[in-house]
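Take a look at this single chain, the form predicted alone, given in structure tokens.
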């Protein structure tokens, strides 16, 4: 099971939550929002109108109290009640219209962002995926994008709507009575200071919580994929402790978030309530003294109460905005990662390599991008020529760099120095799609997808292969067992192909490699999981395939080595010997030791 973790962003970094502007971060969403901006702006305008309609209600109350109620006019009271009913219905309908207007476009925005993230993940180099935990990537594609959709649907609109509502409401109160208006405005400064302090602290905790969700997702995913290992070794309690430990940590972080939110809510709710109470007492005294009409006091207090929701909501709107800013930051951490360049050494219009020179490694060196600067390279000065139609076995002790060398051919990793050519053409001069149509690979650890057997195998073809090519590839790989499956090649193999044995998965991976009749074939110990009899049958069929292709085969068993025309010995990151199996067996002690099966399994 994978154990890598993407490190959480350093909170002390100037680029981290404490040093970045939430507004600047959220503005990066504009390219995704631009196509639906008309509906969003229209929905915001409708919400502002609905909110302002609500502020008309206190004015109607003032008219009713100072007019029909004071004059004891029942008809006027009923008329006022009708006005209030119509205003309430209009406000509800307008808010409903706003919700309807944003639902579809924002779902589209979320879907587009998720699709773009998925496309970008496919284009990122293998080195990126080696560094990042899958759970971290999954949480960005699900939880973070859900937070962004919620932000665009609610906080983004209502920060604007509530701001306009508060301004209009304050103007109405000041027009009614400026003295009481100043009393209501008293808490504005301490509330603003609280919001500024809250924003910085909440941003840090929100980022920490979302990173911890990613770590927890990784543990769950690994436990599901590795359930056989967990059960086989009785490690369920260990995994449960790891899960509960992360859960408790996340719970503590969420409680810190709740505490911060409770603090700002306490301030935002308490101070305005105190101000409304003071305005009520002062207003009542002034009404009693005849300085203020009862209708004006009712309208003033009704307006103040109507502003309670816009003011009280500031806390959680800011909280949701900070979480959205953090989600945006996490999303673009992935989107900003440099993808594989399609072409790096030549311009457009390069011809497809003509057959004639085979596969060459020209003084190739390789070092992993995140390796310490003073560490030795994994591969150094690899100079190797596999002639057209020739098969070469690559042999070496565990950890000598065999798999890394094979990964350089389809450009799963980029060479650090030197170059690799196919029939005389540098592989970096080819578009990756073109290169990978020329080179087919089969890995020691085969990966199958949640699809049918046939779909898994035909992934190795260019889309034109049919039943005949599928049957041929299955025959080469000695994978006739698929015909005994319930639906034959249409049988779903399940996630990771775990419904099949290791040998069956390996044979399907081999069939996938040969189904497209590639010119170059790279096999990383493709027969390691097969029994002796099946291995012999696969080797017999594979010899016919190798006669028509140029192949590099990582081998550990003498039987696999005998498939190749020549053998290259990789030792300490260098090619130390090249020759036939029998030549190296008699002239090279290290090779003879490896082929004797007595070597220790060093990592």
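Owing to the predicted nature of the structure, the values given are computational and were not obtained by experimental measurement. Positions refer to the first chain, counted from 1.
Only in words, not in the display: the form predicted together with a small molecule, which the text now covers.
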In the model of the complex, residue 400 touching the small molecule (heavy atom, 4.5 Å): yes
is_contact(residue 404, the small molecule) in the model of the complex, heavy atom dist at most 4.5 Å: yes
4.5 Å heavy atom contact, residue 340 to the small molecule in the model of the complex: no
Interface membership of residue 307, the small molecule in the model of the complex, 4.5 Å heavy atom rule: no
One stretch from 96-104, 390-398, 148-156, 167-175 that, in the model of the complex, holds residues within 4.5 Å of the small molecule by heavy atom: 390-398
The small molecule: the contacting residue among 219, 493, 276, 378 in the model of the complex [heavy atom, 4.5 Å]: 378
Position in contact with the small molecule when the complex is considered in the model of the complex, options 462, 370, 336, 531, heavy atoms within 4.5 Å: 370
